[in-house]
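Only one chain is included here, represented as structure tokens and corresponding to the form predicted on its own.
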């Protein structure tokens, strides 16, 4: 092995070469970050404060990518990860970094994205809102079935190599790591995960082969009402066959009284997603109820709901604070999902117009408004890149405030143009991807908006993901 000391000049560093390096910081996305001769090095699976042996995997003009081979000196901020799957899963990759340090680096990353990528000067990023629960906080997890279980180095003796229920191995679409206990999801959900796994093996239910596109059962999606203790089990299969699933559903209901919904989504397409083109109710309801604040929300299998229920309430309080409503505002809620933000804010404004692409989410949103006796929200279904030009929406009152909470990819350029034409006084941009958020905000600021406040919120402890709420105002 060719090692180099990072305190000396490193020449001819190329792909496949091993070297020693001190990890200086944490990059956006969770990689360790350091420098060699002013060239950035991103080191996979390394945390700040470690000295590691690393191997170059990619060489670019302005940076290197490397992977950690072993640790020479451990970081003073190391935290012993509780999960037995930590070294193989690739999910919550920051379990081994002290939580306070996770918060420090996440806030720093938000600042650097706005300052360096966005070229915003004299900006201030407020302290990140920490999460009270660092484990077992997720109300939704999706697991994959496979006939190709990832064999660990210790060989997992005694387990079925042709059956797995768990998560994808990093970098492998075709291999699944058998998961027994996920430290991010609710503890009862872990018990259901293992029960389903055992029953599928016992009943010889055939797992899906992602390469050959054969087999029956594809995914297990679990939703938990954190405040109501209601649980949904969603079994995603390649085709419809209730005879196979009904015995499993019956056993689940008897074993776990918390289960109030078992559904079967049919995904006959090759795409490896837990979203079906058809849904069948197998037991009890086709939805569960959870709460944010004092409001109840009906959640179906394919509807978006914030994955951290308790922290979502704090997130929405941040949004409310930034809006600074006085009670007579017209608000547009874009990417409104099942209406959680709209309903949470409804008592503070005159009227809200909520727009969402997914029809089932809009149906749920209307039910949720009725459930909570909310009468000042109007819901619309459509694609935001087109619908804001629709005759129905053109005739609506102009918004004082627009709230956007798009998916990770951010907003379509047409949507940004339409928002600019509406000229709301205030825009609140909530995002789970600050990089695309900054990209979109740059465009808004090029059209006479200015940043007023940036507030990160830690919705996803022990992962690299960051939620960020940014307030903008129109410059008169």
Ligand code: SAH
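Positions refer to the first chain, counted from 1. From a predicted model like this one, the values you see are computed outputs, not experimental measurements.
One more form of this protein should be noted, the form predicted in complex with S-adenosyl-L-homocysteine, which is absent from this view; the next part is about it.
Student: May I ask you to choose, among 232, 94, 189, 341, the residue with a heavy atom within 4.5 Å of S-adenosyl-L-homocysteine in the model of the complex?
Tutor: None of the others qualify; the residue that does is 341.
Student: Of 163, 99, 353, 335, which residue is found within 4.5 angstroms of S-adenosyl-L-homocysteine in the model of the complex when only non-hydrogen atoms are counted?
Tutor: The option sitting close enough to the partner is 335.
Student: Among 76-84, 195-203, 353-361, 323-331, which stretch has residues with heavy atoms no more than 4.5 Å from S-adenosyl-L-homocysteine in the model of the complex?
Tutor: Going by heavy atoms within 4.5 Å, the stretch is 353-361.
Student: So in the model of the complex, is S-adenosyl-L-homocysteine close enough to residue 178 to count as touching (4.5 Å, heavy atoms)?
Tutor: Although S-adenosyl-L-homocysteine is absent here, residue 178 would stay clear of it in the model of the complex, with no heavy atoms inside 4.5 Å.
Student: Residue 290 near S-adenosyl-L-homocysteine in the model of the complex, any heavy atom under 4.5 Å?
Tutor: Heavy-atom contact with S-adenosyl-L-homocysteine at 4.5 Å: absent for residue 290.
Student: Does the 4.5 Å heavy atom contact test between residue 111 and S-adenosyl-L-homocysteine in the model of the complex come out positive?
Tutor: No, residue 111 stays farther than 4.5 Å from S-adenosyl-L-homocysteine in the model of the complex.
Student: Using heavy atoms and a 4.5 Å limit, would one call residue 261 a contact residue for S-adenosyl-L-homocysteine in the model of the complex?
Tutor: Because no heavy atom of residue 261 falls inside 4.5 Å of S-adenosyl-L-homocysteine in the model of the complex, the answer is no.
Student: If we check S-adenosyl-L-homocysteine in the model of the complex, which of the residues in 296-314 reach within 4.5 angstroms of it by a non-hydrogen atom?
Tutor: Result: 304, 306.
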